[in-house]
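We begin with a single chain expressed as structure tokens, specifically the form predicted alone.
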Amino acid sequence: MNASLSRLISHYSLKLRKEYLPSRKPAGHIPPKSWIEPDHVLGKEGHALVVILPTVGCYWALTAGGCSMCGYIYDGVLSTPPPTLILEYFKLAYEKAASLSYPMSVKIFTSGSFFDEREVPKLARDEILRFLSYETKVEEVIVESRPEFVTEEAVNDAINVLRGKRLTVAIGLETTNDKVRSLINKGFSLSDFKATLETLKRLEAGVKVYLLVKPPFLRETEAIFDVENSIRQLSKMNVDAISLNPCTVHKGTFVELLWKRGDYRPPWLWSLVKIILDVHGEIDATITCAPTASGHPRGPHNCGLCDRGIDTALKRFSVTQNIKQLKNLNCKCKLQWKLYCQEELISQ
């Protein structure tokens, strides 16, 4: 985990972006992606409307190669649409929420930073939040951002426009270990995150943190330790929610290069269960884990027989916060997972 390795990851990540970015479509040719999902809304069971706005995407990916596991930039468009079109896109997506009842959250994603005006112009941002401020069944609005865009002015403006609804800002910290984060090519430090956290807490906004389960170059056991340690540290920092994101293998990423060479395996689903069981009861923050691509070679997986059941249990726990969802899960491959972890320790 030295500086030369970090530079190598950054170099190959940027090279891959240049190769794959031309596949993106012109602005206005991609309708907004949106769906409804069960959600844990401020201590209650509810639903969330998830909206992915078509924007130019994450500047960090465009200029510095971005995070070593992330391929969301390829879902973006070549240029951000004008504010009126972004608002039109959002309202179109919001129609899916017509059948939902209170409590409801709205998650607005851009494959980058909601507070970066290159992605979401301030006029579009304000109009979207103003629209939601009149929706009585919406209790929480969740947006994503890198720390450098989370300014006091931007957050305060958003809170004022929402008129009392909860604003939660989600940040992909990935780990509290700066050395591990350098392997993700994240581009900011724990101290940067702490400064942003202080701003959000002072303004009484919610704080959600994404943790990456099994970054490149970490063994399974190291990844489990890293995430559990990060959860405990974040709990002491009084974050509101922690989302465990098991690494998936996106096309056009550095992680895919490793995976194709046989040098990377996404985490076991058993590892996700262990992490939650180990820390549950120790912390105050809400913990969620809704894996993508479970049971597939590019996603978190076990033996193939139990994957669907464990994926369902993890997602149900995320909504209910009832730890019973994860107890007494079993499969013959659980022993295989334990042996896999033991062999890693022996071979160190």
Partner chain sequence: MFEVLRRDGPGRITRARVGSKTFETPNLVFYFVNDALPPPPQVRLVMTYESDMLSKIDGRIKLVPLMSPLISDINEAINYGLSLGADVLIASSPLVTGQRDVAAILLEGLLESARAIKETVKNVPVAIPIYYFPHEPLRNAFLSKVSKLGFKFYVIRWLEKALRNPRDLVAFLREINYFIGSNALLFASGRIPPSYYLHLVYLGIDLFDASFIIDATIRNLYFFDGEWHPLSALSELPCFCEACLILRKSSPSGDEKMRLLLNHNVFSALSILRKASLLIKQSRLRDGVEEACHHSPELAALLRISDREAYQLLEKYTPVSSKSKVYCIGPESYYKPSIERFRTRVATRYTPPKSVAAVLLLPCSARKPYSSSHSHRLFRKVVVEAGVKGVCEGIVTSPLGLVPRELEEVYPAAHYDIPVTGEWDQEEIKIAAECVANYLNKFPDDCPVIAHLNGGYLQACKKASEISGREIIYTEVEGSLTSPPSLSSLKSTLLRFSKQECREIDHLKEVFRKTADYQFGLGAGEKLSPDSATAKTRARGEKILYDGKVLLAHISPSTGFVVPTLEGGSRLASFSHWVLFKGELIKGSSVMVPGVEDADPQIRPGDIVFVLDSSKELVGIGEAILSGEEMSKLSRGVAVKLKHVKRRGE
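If you're wondering where the values come from, they're calculated on a predicted model, not measured in any experiment. Residue numbers count along the first chain shown, from 1.
Heads up, the form predicted in complex with its partner chain isn't pictured, but that's what we're talking about next.
The candidate spot formed by K208, K236 and I276 lies out of contact with its partner chain in the model of the complex, as no residue has a heavy atom within 4.5 Å of it.
The shortest heavy atom separation between E153 and its partner chain in the model of the complex exceeds 4.5 Å. At a distance threshold of 4.5 angstroms between non-hydrogen atoms, A170 is out of contact with its partner chain in the model of the complex. Taking non-hydrogen atoms only, E228 never approaches its partner chain to within 4.5 angstroms in the model of the complex. Among residues of the shown chain, N177 is one whose heavy atoms approach its partner chain to within 4.5 Å in the model of the complex. For the options E204, D263, E95, E198, the residue carrying a heavy atom within 4.5 angstroms of its partner chain in the model of the complex is D263.
Annotated contact segment (heavy atom within 4.5 Å of its partner chain in the model of the complex): 212-220, selected among 129-137, 189-197, 116-124, 212-220.
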